[in-house]
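Let's start with one chain on its own, the form predicted alone, as structure tokens.
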């Protein structure tokens, strides 16, 4: 597809839609929107626009459709697969100014949000009403970005991913039409489920400009535990045992010895060495949690746990999980001269011990720095391997290892991407994972975006 570049007349026309101070073709603004937190190369857009309303977005997209110019939505740029990188140039829509919480209906456990709302800020607001929005990707992600990638995180094992919390969307289509899909009812059997077609579509079918999300009451009591194990496979078996026992953890995280060492060094947390499992439980009373944590200890001991620390208080629990969320940033800081590739596969929970063992063994075949960690409760595995940026052979080793891990996950009935999305990095695996159904995805893309202007270069190989 041949797209038109933005010229001075285009910039003036677009500036008349949003006001001149909310469009920039300047080098610095465009460079800041040329890449995300992934290792994928940067592509500089022709213009960055900061809209304030759905109507402005519709007018911009309509203009871009007429002029055949790409449009890419931008939240915080925290994606890890190049999802918001404008690979064909064109317009980047930065939603940082569309960041209003439009309504909180605490009696319905719902909120109406603009796409630029940052989920941590939303939860800080909701905290005073005893509610929260459960998906937690860790980074300061926006609601729009989370919807685009179907983001999840450590709480997914109990509460599900972003997709499970979206009730209604207002979407701008590729020709500028605004549609509303879904509703505010707690259940519906009315027609096709268009909401879930847009969640996870990475802005390739339409641009979300408003969302109604489900909220959840904050549990009365929390408790956490850390268990260390002789091997990654034994830790993974304990994870499977906890899930099979129906203990319903809020979070169940696996960290390799390298991760544990880094967390201990960077955060100053006294923590067990060796492969470890972090578990968090929540419930109505302390007595309920005491029984749950004790049962979890039995399961861990049966699977070879060397040390089990239970009953961790709220402050230390918060510190541990903040450290877990910051792990990616710690790795980057510790290896400034290396290129980072993060594997993001997910497998059925019964296959989790096998997948962890495979990833651990394969990554140890290389002498490169490596970190293996996981949202273990839902079978989502991340392997970070780092090659020096100026060593092509090391970068090739990392890419080949990533490919082996992904292919193994698909072989086990899993997916190439558990939560980071397809973006640029996972396109090459889409046909292997989806087979003939990939062609039907192409047809859906062609129906919603016949000119291919919405976030081109993503998802499809």
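Positions refer to the first chain, counted from 1. Just so it is clear, the model here is predicted, and its values are computed rather than measured.
In what follows, reference is made to the form predicted in complex with a further copy of the same chain, a form of this protein that is not presented.
Under a 4.5 angstroms non-hydrogen atom cutoff, a further copy of the same chain in the predicted bound form has residue 197 among its neighbouring residues. Residue 335 falls outside the set of residues with a heavy atom inside 4.5 Å of a further copy of the same chain in the predicted bound form. a further copy of the same chain is not drawn, but in the predicted bound form it has no heavy atom within 4.5 Å of residue 316.
Proximity of residue 38 to a further copy of the same chain in the predicted bound form falls outside the 4.5 Å heavy atom cutoff.
None of 293-301, 72-80, 335-343, 374-382 except one has non-hydrogen atoms within 4.5 angstroms of a further copy of the same chain in the predicted bound form; the exception is 374-382.
Of the residues 224, 250, 117, 205, just one reaches a further copy of the same chain in the predicted bound form with a heavy atom at 4.5 Å or closer; this is 205.
In summary, among the residues 32, 395, 430, 65, the only one with a non-hydrogen atom within 4.5 Å of a further copy of the same chain in the predicted bound form is 430. Each of 173, 444 and 460 places at least one heavy atom within 4.5 Å of a further copy of the same chain in the predicted bound form. Heavy atoms closer than or equal to 4.5 Å to a further copy of the same chain in the predicted bound form belong, across 185-214, to the residues 185, 186, 187, 188, 189, 190, 191, 192, 193, 194, 196, 197, 200, 201, 202, 204, 205, ordered by sequence position.
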